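Just one chain follows, in the form predicted alone, and it is written as C-alpha cells.
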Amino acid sequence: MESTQQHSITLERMVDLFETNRKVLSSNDTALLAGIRDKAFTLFGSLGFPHTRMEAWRNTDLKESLGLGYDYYFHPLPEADIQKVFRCNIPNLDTAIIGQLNGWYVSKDVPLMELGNGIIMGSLAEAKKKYPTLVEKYYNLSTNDVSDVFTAMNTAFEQDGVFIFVPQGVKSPKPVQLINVIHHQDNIFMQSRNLIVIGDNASLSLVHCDDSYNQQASFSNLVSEVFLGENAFLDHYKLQNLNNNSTLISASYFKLEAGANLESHYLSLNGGLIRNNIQVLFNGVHGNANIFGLYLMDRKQHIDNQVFVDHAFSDCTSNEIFKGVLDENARGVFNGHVLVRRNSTKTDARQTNKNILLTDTARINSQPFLEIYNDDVKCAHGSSTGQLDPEAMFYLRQRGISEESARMLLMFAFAEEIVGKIAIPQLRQRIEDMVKKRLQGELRICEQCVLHCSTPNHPLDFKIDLSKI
C-alpha cells in the first residue's frame, strides 16, 4: 500500500505531497470539484499553519502535535476485522451503521447504499462518481469563504468520507450511526470529508463517533458540511473518545434554511488534543439551533471548542450550553461568538459556558462574545468557573455519604444537564453510563467502539444510598 515515510507536518511537506500526488487526489473529481480543490490548495499555501501568536489559536498550541512523525496514505489501508472494529453494544438501539477506518469509508459489499425512500448513504468518493451533479450542488458551499487553514487543507487533500442525502419530505426510519475508527500500528495522519444534505421537510438523527482502537499517535483533520432545507430537522450527536496521543481537528459547518431546526450535541470524553470548530449559519427566517457540549478532561488533555452562530436572517433562535469538568493538568478553551446582523430583527440568542476545575493546575479560558447590529433582539451570554460547591458537599456528607461518592454525585449532576438532553433513550442511558465511568477514572479509550463500554446486564451506578438524601 502506497504511503509516505513518517515526517512531521509542515507546510513544505504538504505542498510537496499535493504536487506529487495531484492526479490521485483528484481522480474522482469533476472539473468543478477539481477547481475547488486547486483554489483551496492555493489558500492553504498562503495561510500556513496556525501558531499561538494568532488570536484564534492563542490558547491552543499545535507545535507538539504537528512535530510528530506521521505516515500519510493516498489509498485505503487493508481492512481489519470489520465485525470486531465496528462492534457496538447499545441494548435496543437500532441504527443504520456507516463505518470509517483511518479516514476512509468501509464497506465489504456496497460502497453506496440507495434506499427505497430515496435516501443515499455511503462513500463520498463513490457519490462523486455516481451523483456528480448532486454533490456539486452542495460541496464547499459552506466553506468557500472560510479562511481556515485546516478546512482549506482538507478541501485540497480529501479523498473520501461519508455522503448522506435525505430527499424532500422523507423522515429517516432509524438513526444513522457513523463510526469513525482509528486503527493503525504506526502514527497516521488522516483527512476525511463528510457531506450531509437533508431536504425540505425531511429529518434525520445522526450519531457520529470518533474513536481510537489502540494507543498509537494520530492526527485527524475532519470537515463536515451539513445542509438543512426548509423546515428540515437534524438531531446530531458528536461523540469523541480518543487516546491521549491523538490530535483531532474537527470542523462542522451547518447551514439552515427557513424554518430548519438543529439539535447538536458535542460529548468529548477523552482525547489528547481536540479542537471543535462549530459554525451555524441561519440562511432563512424562523430557524432554530440548540448546541450543547460536555467535555471531561484530565491528565494533560486539551479541549478547544470554537462556536460561531451567524444570525443572518430575522426571527431565529439559538441556544448554546457548554459545560466542562477538568482534572489534573487538563486545559480547556471555549470561544463562543454570536453575530446578529443589521436586518436580523426578533433574534433570540443565548450562550452559556460553565466549568468545574478539580485541581489548582487545571485551566480554562472562556470567552463568550456577542456582536450585535440590531436593537430588536434578546441576547444573553455568561461564563462561570469554579470548584465543586462546598455547601452541596457539606449537605451530602451530613447525610452519611462518603466524600468520594459525594464528589461523583455532584459532578454527574453537573453533567446531567447536557446528557439529559439526548433525545434517543437508549443512547442517553449508555452515555450516562460512560460519563459515570469517566468521572470515576475507569473509562479510557474503548476497545472497540466508543459506545461499547459495558454489558447490558451490568449497568454502572454510584454506590450511594439515595434514601439518605
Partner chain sequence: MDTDSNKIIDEVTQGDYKYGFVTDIETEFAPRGITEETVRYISTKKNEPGFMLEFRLKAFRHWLTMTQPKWAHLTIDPINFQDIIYFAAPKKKENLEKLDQVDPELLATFNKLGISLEEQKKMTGVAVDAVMDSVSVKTTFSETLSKYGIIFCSFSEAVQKHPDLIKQYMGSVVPYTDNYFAALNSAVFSDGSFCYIPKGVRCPIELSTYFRINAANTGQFERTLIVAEEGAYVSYMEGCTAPQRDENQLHAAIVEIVAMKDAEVKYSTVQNWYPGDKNGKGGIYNFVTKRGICKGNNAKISWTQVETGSSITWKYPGCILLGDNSVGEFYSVAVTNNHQQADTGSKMIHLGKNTRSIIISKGISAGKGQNSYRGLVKVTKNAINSRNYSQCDSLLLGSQCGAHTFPYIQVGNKSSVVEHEATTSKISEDQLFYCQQRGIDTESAIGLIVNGYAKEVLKQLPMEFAVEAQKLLSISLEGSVG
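Computed from a prediction, not measured in an experiment: that's the story for all the values here. Numbering follows the first chain given and starts at 1.
Quick note: we don't show the form predicted together with the partner chain, though the next part is all about it.
Between the options 368, 272, 229, 293, the residue in contact with the partner chain in the model of the complex by a heavy atom within 4.5 angstroms is 368.
Only one of 216, 168, 319, 359 lies close to the partner chain in the model of the complex, with a heavy atom inside 4.5 Å, and it is 359. Judged by heavy atoms within 4.5 Å of the partner chain in the model of the complex, the contact stretch among the candidates 242-250, 144-152, 380-388, 283-291 is 380-388. Among heavy atoms of residue 135, none comes within 4.5 Å of the partner chain in the model of the complex. Although the partner is absent from this view, residue 421 stays clear of the partner chain in the model of the complex, with no non-hydrogen atom inside 4.5 angstroms. Using a 4.5 Å cutoff between non-hydrogen atoms, residue 129 does not count as a contact of the partner chain in the model of the complex. By the criterion of a heavy atom within 4.5 Å, residue 364 is counted among the residues contacting the partner chain in the model of the complex.
Although the partner chain is omitted here, in the model of the complex all of 58, 372 and 376 have a heavy atom within 4.5 Å of it.
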